[in-house]
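Just so you know, structure 1 and structure 2 below are the same protein chain in two forms, each on its own as structure tokens.
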Structure 1
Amino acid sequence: MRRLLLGVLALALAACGNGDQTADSATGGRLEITGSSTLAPLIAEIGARFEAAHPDARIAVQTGGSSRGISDAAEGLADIGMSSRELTETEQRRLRQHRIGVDGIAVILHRDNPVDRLSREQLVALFTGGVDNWQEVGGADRAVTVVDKADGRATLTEFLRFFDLPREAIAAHLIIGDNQHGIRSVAGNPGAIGYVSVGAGTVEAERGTAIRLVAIDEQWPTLETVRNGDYALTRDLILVSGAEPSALTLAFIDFVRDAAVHDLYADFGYVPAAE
């Protein structure tokens, strides 16, 4: 049975060897892309379309978070890293950035919460614990539950920057990871307030999930307002590559930014970067 084990191992290694073959044409071969879970589904869809147009190419998308994508790209473990946060200075020195789109960050409440717009001051008070009952901002007599994102998440960083708050100022009752986790947590709690990607929030609200996207200082979070800049709370979606990207890498990044795939961005509620 050890022979069997060795056989399996050998087979596996042999199989891996085959996978690494790089074709010589510019659009053939294999691209490894890792990083942001926000971007992964979109890039995978674009990758599928790229493969349809270039049958020799294989685009393998893996998730694991923005930092993973950035470090994989820096170490050469991946051809392209996906990031939904800004790069630090040290990271910028080692990598080439390609801005591909914009995502808004929306504040969400439970659908049964009558509040539908909040001012910047009210939001700061809500998230820092200054207001702990919805009555104080025009809602029902119900305790506020603040849903916050885990440390290091891109959404959190941009959210704090927008409201000019230090990390420890937020008085969180719950901490969540992925967007959907946040949306479910708010949809299951009439007193909850949280923040998620405008894309994810819009898609879920349209499908009948019990959440409401609220206006910040009368700015409504929609795809349209994110696109034309009327909604200020946004973050960039970025692809990063090593300093000397291969022809296939460049071809794929061009493809990602091509108008021909803009419909895919809309499916996820993101706004493609202007040409």
Structure 2
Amino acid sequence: MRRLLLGVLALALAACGNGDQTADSATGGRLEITGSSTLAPLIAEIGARFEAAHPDARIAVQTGGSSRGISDAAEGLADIGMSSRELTETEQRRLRQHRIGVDGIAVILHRDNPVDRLSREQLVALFTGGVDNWQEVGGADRAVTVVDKADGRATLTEFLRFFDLPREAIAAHLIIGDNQHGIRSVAGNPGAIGYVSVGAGTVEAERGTAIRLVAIDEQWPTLETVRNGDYALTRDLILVSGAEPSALTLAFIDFVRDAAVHDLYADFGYVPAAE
């Protein structure tokens, strides 16, 4: 009888322990997040704030491009994928998407380049090699260096879509990965032209980095023009998860979309989806 009572007590204690674990599961555990280099710095900062509010949670953020984030989430290699491009129909069938914000894509030049606005036609000519000297578009007598994005990057996908260009049309001199790599490359070459997130470009220009964001057909790439729709080259910022996300995944996505972290969106130059 004594053994029987001890066994019943042990089962009762185990049940209580499991109940506590279930109660804490929504905000406890580890989340693996991969994907867009545009989103990664913002999500990492939000993750740190989430961890401060929920000490049992760990948020791990890695870059690699939107296509990686989408693939990782679909294959179960990551809990959340970060994407700054639209999902294809096939991807949409496999994943749940959560729109969290809006960003633009800005064409950037070196700060010493006097050109501050370009038409679509001029930009197509510059990026495809039809114009190879800046004096042809009002600049100095200096060769054009085209800085392009690597395959799998959402910024590349949206840039090509906007200008209706095939991938092979870009006459690239340098292929880069994330926004910071692109910004450093243009800041170090007075003849360079590239394209990056409006948010990332704006923040770096305000810090004194030697770049300038230029107008496209008189549309200026700013946080305000992205917010009010006066800048055409924009894209949604999206988090994706598997068809049946965990309680922790949903809790974190809700936190990302909460107005309490909108100040972090402003720090990175992005517009929250709720606005």
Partner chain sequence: MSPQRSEQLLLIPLRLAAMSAAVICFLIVALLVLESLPALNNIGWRLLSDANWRPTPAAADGAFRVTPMVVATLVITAGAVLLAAPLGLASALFCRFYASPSVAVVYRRLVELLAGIPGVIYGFWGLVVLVPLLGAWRPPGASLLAASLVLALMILPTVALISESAMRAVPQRYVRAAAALGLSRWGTIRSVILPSARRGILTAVILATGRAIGETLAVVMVVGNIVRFPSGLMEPVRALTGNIALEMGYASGDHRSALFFSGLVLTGLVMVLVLFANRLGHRGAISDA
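All residue numbers here refer to structure 1's sequence, counted from 1. Basically, rigid core = biggest C-alpha set you can superpose within 1.5 Å across the two forms. Owing to the predicted nature of the structure, the values given are computational and were not obtained by experimental measurement.
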property	result
Structure number, where the criterion is the form predicted together with the partner chain	1
Whole-degree angle by which the smaller rigid part turns once the larger is superposed between structure 1 and structure 2	13
Rigid core fit between structure 1 and structure 2: Cα deviation of Ile59 in angstrom	4.2
Leu250: CA movement between structure 1 and structure 2 [superposed on rigid core, Å]	3.5
